[in-house]
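Below you'll find only one chain, the form predicted alone, shown as structure tokens.
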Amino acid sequence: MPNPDLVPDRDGITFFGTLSAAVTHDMKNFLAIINENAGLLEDLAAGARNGAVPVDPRKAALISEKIRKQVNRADKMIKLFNRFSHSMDHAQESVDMEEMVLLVAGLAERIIRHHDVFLTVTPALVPCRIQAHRFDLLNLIYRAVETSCEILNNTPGENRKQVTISFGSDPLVPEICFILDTGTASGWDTLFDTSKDRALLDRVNMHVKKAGPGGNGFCLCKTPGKQ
């Protein structure tokens, strides 16, 4: 029997389904490109067999490289998704927040691109770890990315919008900050204010604050006094 503490709730299942749909859509695109280029190689081979058209080594190499590139992309995506799937197997433990941010960024790449948002992750300068369930922390990070995209989508302008994710400088007070290049300058105190989001924050022992004086963004921070 599965550990009931590790079974995701309905919101967690929705989160898993959202990322699963994005990943499988990307995989389908990778396979379509591979199939298209495999057809081009087949055409080259057919022409060579008939003696009508000699094989152009440069064209064959170019097609092979395109196939190899899609195989590498698919392999990377499968490895990310495998790590994500196994996040539900983990009990509460010390989790590297930067690692979890990069995992979400990789899996949600298509969703972020759909919002016409460019996401940059700034490497952490000090260890940034928190005691949490991996799956819940991934869910919270995704909600923060999703919220950032929604804020930018509601901002006038046609230019591609930017979200920069950075980490706190104090390893004793770990935090993840989401800085928007544009967007609303107010309303940060009502972010994650639904009962579902508050419950998720509580499970991960984190809270939300505005990103510094005049900062156009918000941070997910460890709640003091909680393990």
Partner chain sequence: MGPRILLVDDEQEFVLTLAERLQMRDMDSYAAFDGPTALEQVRSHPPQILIIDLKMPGMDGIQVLKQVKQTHPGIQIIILTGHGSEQDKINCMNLGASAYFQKPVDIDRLIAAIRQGYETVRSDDQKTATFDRYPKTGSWQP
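Keep in mind the model is a prediction, meaning the values are calculated, not measured. Positions refer to the first chain, counted from 1.
Form predicted in complex with its partner chain: not shown, discussed below.
- Put simply, I13 is far from its partner chain in the predicted complex: not one heavy atom of it is within 4.5 Å.
- Interface residue remark: L40 is counted as part of the site for its partner chain in the predicted complex, having a heavy atom within 4.5 Å.
- Heavy atoms of K28 reach within 4.5 Å of its partner chain in the predicted complex, making it an interface residue.
- With a 4.5 Å cutoff on heavy atoms, D56 does not count as touching its partner chain in the predicted complex; it lies far away.
- Checking 87 to 95, 70 to 78, 138 to 146, 118 to 126 against its partner chain in the predicted complex, the stretch whose residues place heavy atoms within 4.5 Å of it is 70 to 78.
- Distance criterion of 4.5 Å from any heavy atom to its partner chain in the predicted complex singles out N35 from the list S169, T194, N35, T182.
- Judged against its partner chain in the predicted complex with a 4.5 angstroms heavy atom cut-off, the residues H133, C177 and K210 are out of contact without exception.
- Within 4.5 angstroms of its partner chain in the predicted complex, the stretch 95 to 115 places a non-hydrogen atom from each of R110, R113, H114, taken in sequence order.
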